[in-house]
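This text opens with one protein chain seen in two forms, each one given by itself as structure tokens under the names structure 1 and structure 2.
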Structure 1
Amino acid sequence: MAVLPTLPKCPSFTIFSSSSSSSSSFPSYRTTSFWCCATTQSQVAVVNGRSDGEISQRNEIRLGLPSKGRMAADTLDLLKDCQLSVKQSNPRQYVAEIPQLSNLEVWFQRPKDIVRKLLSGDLDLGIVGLDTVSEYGQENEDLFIVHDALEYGDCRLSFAIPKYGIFENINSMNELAQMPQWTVEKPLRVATGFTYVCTTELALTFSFFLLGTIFLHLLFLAIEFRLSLYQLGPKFMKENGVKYVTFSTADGALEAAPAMGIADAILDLVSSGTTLKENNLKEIEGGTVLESQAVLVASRRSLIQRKGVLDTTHEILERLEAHLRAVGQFTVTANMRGSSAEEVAERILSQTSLSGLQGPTISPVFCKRDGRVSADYYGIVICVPKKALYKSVQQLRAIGGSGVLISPLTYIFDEETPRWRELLAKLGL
């Protein structure tokens, strides 16, 4: 029998959500649809037909990359910069290869499906935003973040409220929580696309309806198997003391919800803040639930059990690290007159911007004068960050440097990376 991935236990959390909330009257927005979410999970499990701990029988290693959207192009660019260009014979083809990595298949998928397929065992590795891992990964222990900072796709998952009306003077989560407007009957309505159901905790809800003041009728007793709500948002609201809150889901253009009267606040990704500003919304102090950027994520089971996944992950990680370290760094070479390498080193290290990564490399430049070979000059090589480049050149000149050559760096391979050591330690290898 198929077994669902391990689900984390959410703290029990009372959310005053009801299907009679105003959002239900708008077809593009829907209130909490527990059954729908539950079905999605079961489908994943049934499709897999595998229990936790097992991996599927296939030989090739599979890497999932975003097929569309804002992560797609940047992901391909990053891999190209790491000399791991993806070869796709046709843009409509969802499978591709990276010739440098043997036995690896690239599968283009929607970001959320990459996470789902890592969980189901249909992918071994993937590159997506941390927000997508948090939302669709359900904190499942099988998901292993191999590299947590690929330095693109930066955004944050934040609460935003209108700049006007009752929110005009509200500027922090604390102030939002203190607003007297939110009650059991009229909770704060939050629209969000981050709606993953996180726990199978069942809540029995008895609904009594009062008709007028004369007739008190129990119209019906509804038992709702309420798969206690959304993960990131509710947890965050609880931590911030917002007691009365209801969440509704929407697929896009969330920023319209407050102005349309569908929600009081939204929980969505923010990057430049332009969309919020254009829709008269504002972020508030303490309202960021998660900072996100692109990450490399792996299935723990695949890393341990599937032949070659660990080695391939090591190579990808090394190339990523080496490339990301090199971004924005330049190699500076120059000649400098001096009596010895030590004396030249003294002069260089007296300057603040010339210490390089581990210190300057200094080599004698030999020339023949009057039939004698001697080293009056020394060639120096240092790495300099882009922002300190001009200052470094000035400092080099000031201590007698000449013939300064500057070239960009492709890779900086250092000793074994801390991330790799951490990965091995966490896997118990």
Structure 2
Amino acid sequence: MAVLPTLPKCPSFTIFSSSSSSSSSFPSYRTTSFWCCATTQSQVAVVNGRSDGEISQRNEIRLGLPSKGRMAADTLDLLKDCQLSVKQSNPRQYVAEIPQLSNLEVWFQRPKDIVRKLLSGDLDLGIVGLDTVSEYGQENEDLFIVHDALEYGDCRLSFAIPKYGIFENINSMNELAQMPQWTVEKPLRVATGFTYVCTTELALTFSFFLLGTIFLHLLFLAIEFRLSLYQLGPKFMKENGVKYVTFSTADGALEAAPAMGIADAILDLVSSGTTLKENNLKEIEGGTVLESQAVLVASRRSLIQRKGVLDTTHEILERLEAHLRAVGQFTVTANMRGSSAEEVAERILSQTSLSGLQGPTISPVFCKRDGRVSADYYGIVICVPKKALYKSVQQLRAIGGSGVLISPLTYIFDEETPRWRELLAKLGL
């Protein structure tokens, strides 16, 4: 008869979770105890049903895009501006294509599901808000931000407090931290709709091992217990000197929580701030936890292991960079009389608004006079940002420029996209 090995004693863990109530300023706690059997065997963590390090077996590359709302419309507009229009045969279908990118499928998903499917390996690339990546990615090393500034979907995760009562003269996190009202018995109560601010995540992974004997005895059951606390909100409050604070999650209009007496402050996404003002709330100096906008995110495993993902990412990145760099830029073309290209260049570079990206392009303008071809004028081409356009035209005229032509830029391609070099370096390629 086979002898079963003695298993090590299982340590116990206790989890405290708060439940807030409008009738009490101090949260009550309930406890849940778990027993964990530790073994010397290496365990495999499971993320959304797929083992870490395992990549799904498929040939196509998948890009996840938001399926609804303003973020979805702005994403499609950006891709169209980059000559990457999404073709959808049926608006009710969740799968589409981008003809310019071969072997690529576009999957329309909820933003949070895009992040989850990147972690599970069901998507390779995605475009979502940075706040969504922070909320549902929770600093997972497999999530890789390829482009962190797509310049739309701007918002911020920010603290807001009432304009009235004890907060009337409080205008900064430093002043909030110095308020004597917050104690162990009566902490600052913050309501939020974001679970990642104060989330306790419990992941249990079961691994079974069998010993091959005549009766196939079950040797042991290994349970991997992992308790991870990703507390963005508490960490931020601690860094700002607020010692006594509790967080509660809530759905619906958070702006009403202080007026209803169920919270002292809120932590929510803010765009224009109009809703806060309409509910007599205010942001305070130093109270922004996270700045967010649309980002291009990828699975590190897919970039390294799946054929074609890295090349497709390179093309998408270059198109995005070229378009975004050109937004708000104009090409200015003018003629200028001068004795030589060098003399004209010297006059142009004496003006601060006429230097262009790397300097002006200057070429002779040939005219035929009295039967002879001569170059009395020089044509100049410079790139000027929209905000400096009129000033640049004035400076150009002041040094002899004429026949000024202006046209918007569509793309500006660098010799190599800086973000591409950063991507390869971080991947170790």
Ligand SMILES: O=P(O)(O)OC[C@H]1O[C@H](OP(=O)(O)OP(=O)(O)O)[C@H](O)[C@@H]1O
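Source: prediction; values computed, not measured. Reference numbering: structure 1, starting with residue 1. Take the two forms, find the largest set of C-alpha atoms that superpose within 1.5 Å, and that set is the rigid core.
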{"query": "Structure number of the form predicted in complex with this ligand", "finding": "1"}
{"query": "Core-aligned CA displacement of residue 342 at least 2 Å between structure 1 and structure 2", "finding": "no"}
{"query": "Is_shifted residue 369 between structure 1 and structure 2 (CA, 2 Å cut-off, rigid core)", "finding": "yes"}
{"query": "Rigid hinge motion between structure 1 and structure 2 - rotation in whole degrees", "finding": "8"}
{"query": "Rigid-core-superposed Cα shift at residue 186 between structure 1 and structure 2, Å", "finding": "4.2"}
{"query": "Following rigid core superposition, Cα shift of residue 241 between structure 1 and structure 2 in Å", "finding": "3.7"}
